[in-house]
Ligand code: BGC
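Taking the form predicted on its own, here's one chain by itself in structure tokens.
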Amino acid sequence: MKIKQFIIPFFIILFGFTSCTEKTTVAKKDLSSTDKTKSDAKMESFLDSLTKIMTLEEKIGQLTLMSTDWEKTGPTINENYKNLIKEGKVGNIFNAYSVKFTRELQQLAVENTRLKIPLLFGYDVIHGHRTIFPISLGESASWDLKAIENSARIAATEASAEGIHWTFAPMVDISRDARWGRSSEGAGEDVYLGSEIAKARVRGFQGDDLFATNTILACAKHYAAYGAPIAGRDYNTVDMSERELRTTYLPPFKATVDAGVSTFMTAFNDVNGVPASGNKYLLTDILREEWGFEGFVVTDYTSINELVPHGVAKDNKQAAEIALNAGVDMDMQGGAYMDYLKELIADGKVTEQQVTTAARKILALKYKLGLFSDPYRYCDETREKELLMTPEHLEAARDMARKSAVLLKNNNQTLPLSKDKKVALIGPLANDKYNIIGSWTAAGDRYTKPVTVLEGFKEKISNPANLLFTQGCEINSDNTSDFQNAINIAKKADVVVMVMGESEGMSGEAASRTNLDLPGNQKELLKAIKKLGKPIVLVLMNGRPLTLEWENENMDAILEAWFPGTMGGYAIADLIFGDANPSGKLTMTFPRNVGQIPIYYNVKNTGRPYELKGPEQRYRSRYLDVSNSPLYPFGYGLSYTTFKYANFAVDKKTYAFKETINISVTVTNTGTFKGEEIVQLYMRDMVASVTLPLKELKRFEKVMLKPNESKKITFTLTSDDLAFYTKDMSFKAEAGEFKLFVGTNSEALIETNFTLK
């Protein structure tokens, strides 16, 4: 019997055919260590058998990822992907979803290639698939790890129901530069919080068992330091010390490895002169050998080819050589591996064993997903109909949007609004479906499904005659033709709600900006309405921190809603009218102006720190024209209630290195609304062998309190939590004095101290 005739039955006999009907809950395997060892041995035996009968061309095909013409995320290199699938030259596809389309493409591989190896389907499922949640930066502002994990879990459920096996998420790049548009895709500026969110998202996407048909492979990106481009310009050079790389930019990636992430994606940038897709130090020395990562590494879009304009490869052939030798397993869209690996092996530049090893990693994950037992197990039309945009998913998206919003200002308790007031709703984003879901919205419907703020307000206001609406202006235009209409309805209202911000394409990839003011003539409209003397609530939709000095000075209330997703209009209305209490806290510092950027809370002192107390000091680290302080600090966010912190203490003042440091504080709701507070614990090492930040986030906890209710919050630290890269680059804690801080944001803190001996 020929291989072509028996290979799939052989796979089914070896692995066992499974028909899965899981819905939202992830199936769990209760495997003993013995069972797991047997399972691993079975997979290794399978891979041994398969790779032995694969030709070199078939192995190279597994190292190749190509896009369909369904949806593009960059310049298309090859429109001939269907023929390449049938020829066995492409083993992986992205930008394909729906049961019908993925089944059609899977059939091309299974019914036409010699070994019938199934395709792996990937897609940019970043903050939801059909049900779109707030942008990732917005979700991070919730500081709610369970909700963030559930968001990824729902995204995986929906994506897998449409034939997707793999997402290019989470993005775990630390970003301290709001000019960089891709700040919208990450978790902000803090290493500890970013690492915890990274792990939550991996757990959400991958669940407990990759064999369950409602899980998808996660991909940690962009490895590494992509969030630190010079001048905040996307794809630009990154230049930093080894200490800064390891202290700030690598820890979230290590956290995903610890969480069991299946794949990594290389960054577009170079790091200290070596492009990430050709960086052996990052991809092999650290990722594989130091951290023990066992999954596969894929490039970002055509980034192997881009080694040529980077100036480290003379042509695509040399680029392929550099990438494979560095540790890249899969080539996204560039075709360099497909075109040149066979030649490079013949030339002795790379080995067939390297190709086999890379192919085996990819095949192993196809095995773990169950694709060899049934290539169509993700192509279930019943699941596709039942699991997309369910009421439960939509309610979770609404709740996540509420949790993500940050109340930046609320003078004289302007908010919440009474449902009986006459409200003028004005702004280019007040009745906008297209932009409210933000960038990277996967298969999300921009035209019919999103709920606008106007729709949300209509659900709340008791008398329809009390809701007045006009757009007023466009997002990015000097057109003033609707200004007068806006002024006229504002005159008739008790309060004015202005919904303003960016368009979805003004943040995200290739969307760096040097001016972070409200675009177009939005501020001019605000100024015109301000002259009327009416209370004004500004609701913001944007993908990054903006510069809002004038708005902060002149608006009565400001609610940062980010791009809140499919249910955003309902969620904003819930908050504005008091059916929910804002609880979000910023995960990126808001600058006063662009000249302060990069700006972040955990800065180091200088030899000439600028103290605000006492007389003016010229020869200090400061600006002449603006304060050093941010407009809104990291961790900042108001509530409709207030919280008091008291009784902050450690259980003793001196600790040995192996002892647990027990910390407690009492938090009381001193207002009249039930509210959720994010209690933030920071630490400072007072004297060390190298300079260290003035404070670093070490723990946090969300607590819901009724009016007048108090709760004792406890935290524990060990000497491992105090460790850093010392003068000799060893990672350890040093003896000495430490300060602890706790409070409602990174600046409003009370403190205590202890000594480590």
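Counting begins at 1, following the sequence as shown. Worth saying up front: this structure is predicted, and the values here are computed from it rather than measured.
The same protein also exists as the form predicted together with the ligand; that form is not shown, yet it is the one meant from here on.
Shown alone, this chain has one stretch from 218-226, 641-649, 154-162, 97-105 that lies within 4.5 Å of the ligand in the model of the complex by heavy atoms: 218-226.
Checked against the ligand in the model of the complex, the candidates F121, W440, F457, F205 yield a single residue with a heavy atom inside 4.5 Å, and that residue is W440. Comment: the ligand is not present in this chain, but in the model of the complex one of D300, E502, E560, D190 has a heavy atom within 4.5 Å of it, namely D300.
At a distance of at most 4.5 angstroms from the ligand in the model of the complex, all three residues F168, R182 and M332 contribute at least one non-hydrogen atom. The closest heavy atom approach of C379 to the ligand in the model of the complex falls outside 4.5 Å.
At a distance threshold of 4.5 angstroms between non-hydrogen atoms, Y81 is out of contact with the ligand in the model of the complex. In the model of the complex, the ligand stays beyond 4.5 Å of every heavy atom belonging to Y682. Although the partner is absent here, F268 lies within 4.5 Å of the ligand in the model of the complex, judged by heavy atoms. Counting a residue when any of its non-hydrogen atoms is within 4.5 Å of the ligand in the model of the complex, the one hit in 486-515 is E509.
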